[in-house]
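What follows is a single chain, given as structure tokens, in the form predicted on its own.
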């Protein structure tokens, strides 16, 4: 009934080596990850591998498992490809996925913390790219927090939300499809070019929209679905479902990220409590997703199955109205401050988008980017087919503080920040205190030489006196917090002492 739930963001970053367009992206991405690992930690700590044993990427929420023979190789995310893979002291995973360096944030419990640890990922990527330049003979590497190379390839920014297993999946599809189609007006990061290869001239709201081809499906890199059905909770499967959302853009504007996570969490709460009373079913949701994105004037009318025609803004306003009623009905005056803030910001953003979208240039990525691009167009008299605009689009997402346009706009206050440098710097090193990420990250910091492997739902120790590796399960995401194990970790100087204490408690 609030914005609070277990959630997280995983982002694949675009990568290039200037002057070397045909470089091996997998090897270059590994170089980026390893450069960071070698700089921030002892070599012994790098032996900790990712534990794939409990992963089930081919399990479908519709009630079946896809066979490995029928799966595309990109779906086999439970195979160790031998590429760079770090488990960080902040509880995150920094590794190579689909030829891109990827940062998967630790589990957090609210949209503000999602922004903080997502921003920490940007800092880590910028640091990693800078460290590569110190390797003798290495070529400089540029990293981009975007979602397409505008040559037909797309790479993902995925959100993850833990929700009740009991929620009917059909209800998820019914209500989240229109929500995702319409939320682009807030969450889009903006893109020069239309179509998957970007050859059609124009500007659109979303980097990802044109790459979606079906409404529901298991894939993430081909035949991309609006609703992804991967059923891999990384938690107690009897209790939880992890909703794997692949339709989002890589946002740099903090307000965009905050509202993306906050509004979605509220809609999920209404779904879990069977509160939603909206009929926004579309006959052609994929087509509507493209058309909403292609219209930065926000005037496109979505055709519903009922025959009603409605704008994406109006759809969002209807979700907002339901959310306000829901929070008032369930919490009244006891509502927490962050939920109030998400609701108020959601309403303020939608109201201003209705009157003049350019009012949101300090808060939303697609508007901020459009404002910069329009400045070039007006000054130089160029149209959307001009190559310079594509370069500006790319430069917006450059992670370097002195080169990336988004970073430069933030530095001079032209894009609003809701975090501070101090909060983000702390998140680069330390995990959230209120999820199992605290236990994972603190174990990596305190007992690096004793960690053989880890995953979202376990930490595996290799300590003297034990003939076999010792797995400590962490299936409950809200255990293993600082309040839960902080005193225990303080008492245990070694991993052996920790395991002995855990065995006694068991």
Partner chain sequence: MPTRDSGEQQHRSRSEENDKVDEETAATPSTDLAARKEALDADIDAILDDIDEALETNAEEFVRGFVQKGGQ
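Positions refer to the first chain, counted from 1. These figures come from a predicted structure and were not determined experimentally.
This protein has a second form, the form predicted together with the partner chain, left out of what is shown; the following refers to that one.
Just one of 134, 151, 299, 305 has a heavy atom within 4.5 angstroms of the partner chain in the predicted bound form, so which one? Only one listed residue qualifies here, and that residue is 151.
Report the residue, out of 142, 430, 339, 109, that has at least one non-hydrogen atom within 4.5 angstroms of the partner chain in the predicted bound form. Comparing distances to the partner chain in the predicted bound form, the residue within 4.5 Å is 142.
Where does the partner chain sit in the predicted bound form: which of 181 to 189, 86 to 94, 384 to 392, 115 to 123, heavy atoms within 4.5 Å? Only one stretch qualifies here: 384 to 392.
How about residue 208: is it within 4.5 Å of the partner chain in the predicted bound form, going by heavy atoms? Close contact exists here: in the predicted bound form, residue 208 approaches the partner chain to within 4.5 Å, heavy atoms only.
Taking heavy atoms only, is residue 127 within 4.5 angstroms of the partner chain in the predicted bound form? Contact with the partner chain, no.
Please determine whether residue 104 contacts the partner chain in the predicted bound form, using a 4.5 Å cut-off between heavy atoms. Because no heavy atom of residue 104 falls inside 4.5 Å of the partner chain in the predicted bound form, the answer is no.
Going by a heavy atom distance of 4.5 Å, is residue 426 a contact of the partner chain in the predicted bound form? Outside the cut-off, so no.
Stretch 401 to 432: residues contacting the partner chain in the predicted bound form, 4.5 Å heavy atom cut-off: Result: 402, 403, 405, 408, 409, 412, 414.
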